[in-house]
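Only one chain comes next, encoded as structure tokens, the form predicted on its own.
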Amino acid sequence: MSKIKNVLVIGGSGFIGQAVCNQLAQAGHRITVPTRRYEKAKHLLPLPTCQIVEANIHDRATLGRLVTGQDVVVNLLGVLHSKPGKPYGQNFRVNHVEFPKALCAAMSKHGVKRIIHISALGVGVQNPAPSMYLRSKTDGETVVKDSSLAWTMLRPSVVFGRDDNFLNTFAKLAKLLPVIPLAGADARFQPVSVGDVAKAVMACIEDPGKETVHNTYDLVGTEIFTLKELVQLSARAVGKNPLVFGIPDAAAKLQAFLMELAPGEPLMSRDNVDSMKIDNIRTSGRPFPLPNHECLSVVAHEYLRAKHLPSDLDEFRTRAHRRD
């Protein structure tokens, strides 16, 4: 392993960020994770080399202090939804374009050169991209690539793992609904495990020959599924068999619009529907050279059952309580 590094992980408290921080801590690297609310990152406290800092990363002075003294910055900041706008909405603009611009400027000012930027599979496939999400991710990539930094660009497909918001959501729906009308049912995905994403980030950080610098990689698994197949796989894992059928684009847009009106984070937005017009699979992009990949069809069944079905011990406790 290369020398111990100071690593700033933007978005370190999230699903992918936690996996990255776990890998970094196991290797002994010193990690700083900024968060707007300390409570949101408390699950990282068991990591011995991780420091949680309450901070507003969108404040330029604060960002300058955060990058000072770091050897590497990992930018995992990303959002899935935004109100409409041209060429993209405010939430996408602030997080996917303006923040990378401010981050690169702060790093250049304080002499920090190495950045690993997490983008998205599908960037560059179609110009202009069909969704605000992909257009903003494209412009964010351009900002980083046009900087003077030693960048590496990672483009993951949809990421799966025990705490994902993807397959777990389908499993919950399958437990509730006997029929699931599905937007983008035929859209294809090449899911990658959160562990493999973390391994790729680690490989970039510990790259002794800097072979990954100024390179863009697709992060994908070995299997390709349609969205309908992923819903059905999730349903089977929790012992359900709902009727899953695709709906036409106009109906999909209406369905997504109604979901946007519901309180909280929408399950799907109209922009998500637009994103699925491009298959989320590797085509001509360069794959990241990981020696092994976790297969969704092998591991997803186990973690979905563990999270969504009662264990034998739970059943025993229930019966014991009834006998009281």
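Every value quoted in this text rests on a predicted model; they were computed, and no experiment measured them. Residues carry their position along the shown sequence, with the first being 1.
The same protein has a further form, the form predicted in complex with a small molecule, not shown here; the description that follows concerns it.
For the options Pro100, Gly184, Gly161, Pro156, the residue carrying a heavy atom within 4.5 angstroms of the small molecule in the predicted bound form is Pro156. Of the listed positions (Ala120, Val112, Ala171, Met132), a single one reaches within 4.5 angstroms of the small molecule by any non-hydrogen atom in the predicted bound form, namely Ala120. Stretch-level contact analysis of 76-84, 246-254, 232-240, 208-216 against the small molecule in the predicted bound form, using heavy atoms and a 4.5 Å limit, identifies 76-84. Residue contact check for Asn95: one or more of its heavy atoms lie within 4.5 Å of the small molecule in the predicted bound form.
Taking the partner from elsewhere, Ile57 is found to have a heavy atom lying within 4.5 Å of the small molecule in the predicted bound form. Looking at Lys40, you'd find a heavy atom of it within 4.5 angstroms of the small molecule in the predicted bound form. Remark: Arg36 counts among the residues lining the small molecule in the predicted bound form, judged by a heavy atom distance of 4.5 Å or less.
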